[in-house]
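Quick heads-up: it's one chain on its own, the form predicted on its own, in C-alpha cells.
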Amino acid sequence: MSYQVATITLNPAYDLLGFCPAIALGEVNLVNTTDLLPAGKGINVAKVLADLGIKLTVGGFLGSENRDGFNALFSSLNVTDKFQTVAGRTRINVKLTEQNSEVTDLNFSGFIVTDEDWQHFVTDSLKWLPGMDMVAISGSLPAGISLEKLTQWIKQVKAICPRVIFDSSRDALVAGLKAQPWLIKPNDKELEMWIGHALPTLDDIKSAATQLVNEGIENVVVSLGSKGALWVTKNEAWLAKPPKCKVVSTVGAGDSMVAGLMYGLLNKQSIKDCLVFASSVAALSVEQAGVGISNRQAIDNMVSKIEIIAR
C-alpha cells in the first residue's frame, strides 16, 4: 500500500561532522572531518523513510545562497520538494564526536524568516498537506518565527492531518506541545526541561510522560539514549532496551527513531512491535556515520536483540 507522508524542517542545516579524541577548550583542536551533509531533523527522518520505501514530500525553509546540496539530496531520495527558498544562507552545524562518544554541537545562525515569508509558507503548506497520512514536524525554529505562530500553524496542520508527529526542544518544544500533536518524541533531558525538575528514575519519566498524555497528547515516546525508549499512552506503556552497540556517532539517532516509529505506525504495527522496530533503526544508526539505512536485513537482525518490557 502506498502512503503519503510529509516531513517538515523549518530550520535545516548543513552538518559538518568531525572526530576529535578529546576537545580541549581554549586550545587548538585537530579534527578529522568525516562528512559535510545537507541535514536537519525532518530531513534526517526523510532519509530513513525513503530508504524504507515510503513516498515522501519534504518542506520547510532553505536559504537561497547555498541550496544546491539540498537539491542534490532531494533528487537522490526521489522526494517531492516543497521547500520555500528565502534570502540568505542555510546555517552550518558543527558536530564533534569524541573518543568517549560524547557529541558537542556548535549550531550557527542562518537565514531570517520574514513575516511575508512565514505567511506564504503557511498558506502554501496548508494547500499541499491535505491528503497526507502522517506529517512529521521536526527541529528548531529559525530567526523570525515566533513561538505563537508555530503553535497556531501546528493546530492548523492537525486540523487537516490529525496524525502529526512533533520533535523539537527548548521553547519550540513547549510551543508545539500547546497544539497537542498526536505523537511527540522528547528525550529525557527535554522532558525534564518541560516539567521543570530532574527525572532521576524511570518511574519519574513515566509519570511526566503520563502527565502529557492526560493533557491531550495521545502518544509520548521518550528516548533514553543507551537505556532505550519508553512509549506511554493512555492504556499502555512499553520500555524497549537495545543491546550494547559500538557507537560511531549518535548524530541523527533520535531522527532515525522517529522514522522507525512512523514506518511501524503506517504499517499498522502494535505499539509494542512498532517500538521494537524503531529502537532497532535507532540502534543501528549509532553504529554508522551519517543517517540512513543501507542494509534492511540488519534491522531485521537487530529486532530480535531488543528487549521489550511492559511498564
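So that there is no doubt, residue numbering starts at 1 and follows the sequence shown. Heads up, when I say rigid core I mean the largest set of C-alphas that superpose within 1.5 Å between the two forms. All values derive from a computational prediction rather than experimental measurement.
One more form of this protein exists, namely the form predicted together with a small molecule; it is left out here, but the text below deals with it.
Asker: Although the small molecule is absent from this view, report whether residue 225 comes within 4.5 Å of it in the model of the complex, heavy atoms only.
Answerer: Residue-level check for residue 225: yes, a contact with the small molecule.
Asker: Is residue 243 close enough to touch the small molecule in the model of the complex, meaning at least one heavy atom pair within 4.5 Å?
Answerer: Taking the distances in the model of the complex, the answer for residue 243 is yes, it comes within 4.5 Å of the small molecule.
Asker: Test of understanding: in the model of the complex, would residue 260 fall inside 4.5 Å of the small molecule by heavy atoms?
Answerer: Heavy-atom contact with the small molecule at 4.5 Å: absent for residue 260.
Asker: Does at least one non-hydrogen atom of residue 42 fall within 4.5 angstroms of the small molecule in the model of the complex?
Answerer: No, residue 42 sits far enough from the small molecule in the model of the complex that none of its heavy atoms falls within 4.5 Å.
Asker: Looking at 52, 286, 266, 56, which has any heavy atom no more than 4.5 Å from the small molecule in the model of the complex?
Answerer: It is 286 that has a heavy atom within 4.5 Å of the partner.
Asker: Would you mind picking the one in 187, 151, 125, 140 that has a heavy atom within 4.5 Å of the small molecule in the model of the complex?
Answerer: So the residue touching the small molecule in the model of the complex, by this definition, is 187.
Asker: 250, 253 and 282 - do all three of these have some heavy atom no more than 4.5 Å from the small molecule in the model of the complex?
Answerer: Judged in the model of the complex, 250, 253 and 282 all sit within 4.5 Å of the small molecule.
Asker: Only one of 228-236, 89-97, 205-213, 110-118 gets a heavy atom within 4.5 Å of the small molecule in the model of the complex; which is it?
Answerer: Stretch 228-236 is the one.
Asker: Taking the rigid core as the reference frame, tell me whether residue 95 has a CA displacement of 2 angstroms or more between this form and the one not shown.
Answerer: It does, since the residue 95 C-alpha is displaced 2 Å or more between this form and the one not shown after the core fit.
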